[in-house]
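A single chain comes next, written as structure tokens; it is the form predicted on its own.
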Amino acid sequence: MARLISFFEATGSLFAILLLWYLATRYGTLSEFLLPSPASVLARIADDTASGDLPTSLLLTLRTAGLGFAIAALAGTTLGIAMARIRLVHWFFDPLISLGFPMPKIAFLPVFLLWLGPTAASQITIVAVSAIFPVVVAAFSGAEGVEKTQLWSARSLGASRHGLLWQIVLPAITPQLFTGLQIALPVALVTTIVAEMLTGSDGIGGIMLGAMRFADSAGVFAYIIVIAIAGTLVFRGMERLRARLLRWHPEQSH
């Protein structure tokens, strides 16, 4: 019973929105064009799933977002740690990070299209560029906050630079790094959708834009729901991964 109550507390607002959606389309004055009924949207999802169009588009979108996110995670972690430990790297990249962080990175998509053409490479590049900033900031902040006494003690015991990185720095920054990754993940997904819309890709964004051009309201709402579900599942997966990898950390005891 406690689990059931907890479930409804967590999802009650969603059920309320679905109920209002149903009532608005069933008894309201809105047309099917402005707001398709939940039944028509679910039927569209089922039809596109059965035809294979939805799984193909979703996998393409997730692949682009995943590759861009992976590049941002690896490059951002490396750069953030280097900025914290190497003065020259910090001097060079700190102004660039400060300038680029608040900028809408999607504005660089035309540049990447000119350089790489309307290909998957240009989409993956803009996703990586958009998602790398929170990772760099999180890795730098974590590495900057590592206690000097830990590093001095490890050095006095004969630890090499490689050993300091893997045994002291990385474990110490993991909680903050995961926070940056959890911010970067939805950024990567949103950027992928927008890039697909702008480039006419066969991913979710491009298919949804095509449905809008043909005034296919059910298709637009169907793919919005698919994006929302996919994003939620991916984000929950990241949360579970964080909890599993940080079982040793005090934050898991709360």
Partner chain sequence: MRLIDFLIRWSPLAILALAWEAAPRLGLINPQSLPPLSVVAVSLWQLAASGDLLTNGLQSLWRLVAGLGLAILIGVPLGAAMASNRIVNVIVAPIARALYPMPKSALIPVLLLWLGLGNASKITLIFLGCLLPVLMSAYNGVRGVEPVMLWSARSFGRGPLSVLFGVAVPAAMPELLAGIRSALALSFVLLVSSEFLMARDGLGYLISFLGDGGAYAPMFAAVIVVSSLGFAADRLFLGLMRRMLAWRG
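Residue numbers count along the first chain shown, from 1. What you see is a predicted model, and the numbers here were worked out from it, not measured in a lab.
There is another form of the same protein, the form predicted together with its partner chain; it is not shown, and what comes next is about it.
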Using heavy atoms and a 4.5 Å cut-off, decide whether 94, 114 and 221 all contact its partner chain in the predicted complex.
yes
Segment that reaches its partner chain in the predicted complex - one of 67-75, 117-125, 132-140, 86-94, heavy atoms within 4.5 Å
86-94
Contact test in the predicted complex: residue 217 vs its partner chain, heavy atoms, 4.5 Å
yes
Can any non-hydrogen atom of residue 46 be found within 4.5 angstroms of its partner chain in the predicted complex?
no
Wondering, does residue 237 line up within 4.5 Å of its partner chain in the predicted complex on heavy atoms?
no
Taking the shortest heavy atom distance, is residue 27 within 4.5 Å of its partner chain in the predicted complex?
no
Residues of stretch 174-202 in contact with its partner chain in the predicted complex (4.5 Å, non-hydrogen atom):
189, 190, 193, 194, 197, 198
